[in-house]
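The chain below stands alone and is given as structure tokens, in the form predicted alone.
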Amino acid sequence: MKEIHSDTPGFQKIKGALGGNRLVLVSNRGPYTHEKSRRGIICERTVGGLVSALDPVMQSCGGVWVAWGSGNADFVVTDSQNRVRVPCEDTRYTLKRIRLSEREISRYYYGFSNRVLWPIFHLFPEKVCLKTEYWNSYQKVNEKFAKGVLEETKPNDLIWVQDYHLSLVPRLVRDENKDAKIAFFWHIPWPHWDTFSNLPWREEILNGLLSSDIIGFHTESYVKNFLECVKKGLDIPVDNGIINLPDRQIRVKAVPIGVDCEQFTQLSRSVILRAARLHRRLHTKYIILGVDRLDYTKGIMNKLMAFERFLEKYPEFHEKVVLVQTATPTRTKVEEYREMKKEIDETVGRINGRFQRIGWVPIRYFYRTISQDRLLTYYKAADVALITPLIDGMNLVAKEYIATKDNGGVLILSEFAGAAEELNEAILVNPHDTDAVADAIKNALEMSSEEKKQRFDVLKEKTREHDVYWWLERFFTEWRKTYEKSV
């Protein structure tokens, strides 16, 4: 994705909302890695919605990004304080790297973050693996991050901590610097108390977060659930989105993240011809697109079963429709994820073996990281986007698809994705209801041009209005209000 310059109106607004303060950003993964290769050390920008949203901000506004150094040459290029200037080709800000041991990566990241917090907060308690050594490592790694933040923070800096990997950092920083200005953004769902209460270390997690001055979530329902957990778990009074502590107040806000709608629209124009060729190459009238990480929360198996049911119920669409499904590898060291990949591979093979004809394969499945150009081509070519996670904090794929299309398209969206709270002009489905999803596919393909345009125009306007600049400006403005009211 091309970089945004600091003279754009969007970033001028963000700078104004920051009020001249320097930003110290804290996240598990960093925006850049350094890797050894035959050509020497290569600097690569990492892939993900967080980096896409925040790297341009840091380039425009400067500051420090504190993150785990996961590249095999990350600490070859850093100074004695584990700092390196980035982006590599045109340095704009400082990246402070945190060094983790193999044991810490195994227990903090693969263990507590992804085998305890991830399944609990995504409503899969049966997948939780509670081990004390996971929790102990999570605490120690959060201490490392907090130490790195404290080393880099200057007076009046704004410290913005990101996501569930680092829930203890605000408390650890506050204990050392009571005047620190701290915000937290929680990017995954926050469940009801009945689910959250299963976590043995629930009080520590809540108290860690409550050392922030403002806490952001993607939806109002997550805010409601979080406040309920604070009331029931800590017996702390809550009033209209404000948590009242004896010495201060904490604001809790729903600010849904967006995408750079204008940028996606512009970049997609370069792939128009490739999108047309994709239709011809697949020998199909309609393309249905699924873009997911290979994770049990994404509901890929449910989607495949629904597509198979669609082919069973509506044979008139045989040889007229192809499902292009991409699955990005993730957590490949975890046995459960390897088993999931095997099951998906076998299911795709079985469905294709059952329905394919000469010149027509109903499912084209790709297990790989997708380049930006290829992803834009898929978005541009797809007549329908089938985005059906079992649960999702937001799901930016839905917004990227809308942003890329300028000639209409139909979005089928799980009602359990955070994006469904905003994008209710999509065809909303329960991904567990196989027949309903199959019927939704038929409805999407047969939808009249008038209805398609009416739905899409509203979705496009929402995506454009609540873009990534709106998200950043809104959150930073709410954050500054916290200190203005305390003066």
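Since we're looking at a predicted model, the values are computed, not measured. Quick note: we count residues from 1 along the sequence shown, nothing fancier.
The form predicted in complex with adenosine-5'-diphosphate-glucose exists for this protein as well; it is not shown, and the discussion that follows is about that form.
Participant: May I ask you to state whether Y379 is within 4.5 Å of adenosine-5'-diphosphate-glucose in the model of the complex, using heavy atom distances?
Facilitator: Although adenosine-5'-diphosphate-glucose is absent here, Y379 would touch it in the model of the complex, with heavy atoms inside 4.5 Å.
Participant: Indicate whether G393 is a 4.5 Å heavy atom neighbour of adenosine-5'-diphosphate-glucose in the model of the complex.
Facilitator: Because a heavy atom of G393 falls inside 4.5 Å of adenosine-5'-diphosphate-glucose in the model of the complex, the answer is yes.
Participant: Does any part of A73 reach within 4.5 Å of adenosine-5'-diphosphate-glucose in the model of the complex? Heavy atoms only, please.
Facilitator: No, A73 sits far enough from adenosine-5'-diphosphate-glucose in the model of the complex that none of its heavy atoms falls within 4.5 Å.
Participant: Just checking whether T326 would be counted as a contact of adenosine-5'-diphosphate-glucose in the model of the complex - the rule being heavy atoms within 4.5 angstroms.
Facilitator: Contact check for T326: yes, within 4.5 Å of adenosine-5'-diphosphate-glucose in the model of the complex.
Participant: Name the stretch: of 201-209, 337-345, 407-415, 180-188, exactly one has residues whose heavy atoms fall within 4.5 Å of adenosine-5'-diphosphate-glucose in the model of the complex.
Facilitator: Only one stretch qualifies here: 180-188.
Participant: Just give me the single entry in L428, A436, V458, V47 that has a non-hydrogen atom within 4.5 angstroms of adenosine-5'-diphosphate-glucose in the model of the complex.
Facilitator: None of the others qualify; the residue that does is V47.
Participant: Give me the residue from K298, R107, K303, K96 that has a heavy atom within 4.5 Å of adenosine-5'-diphosphate-glucose in the model of the complex.
Facilitator: None of the other options qualify; the answer is K298.
Participant: Check each residue of 365-383 against adenosine-5'-diphosphate-glucose in the model of the complex and list those with a heavy atom within 4.5 Å, in sequence order.
Facilitator: In sequence order, R368, T369, I370, L375, Y379 come within 4.5 Å of the partner.
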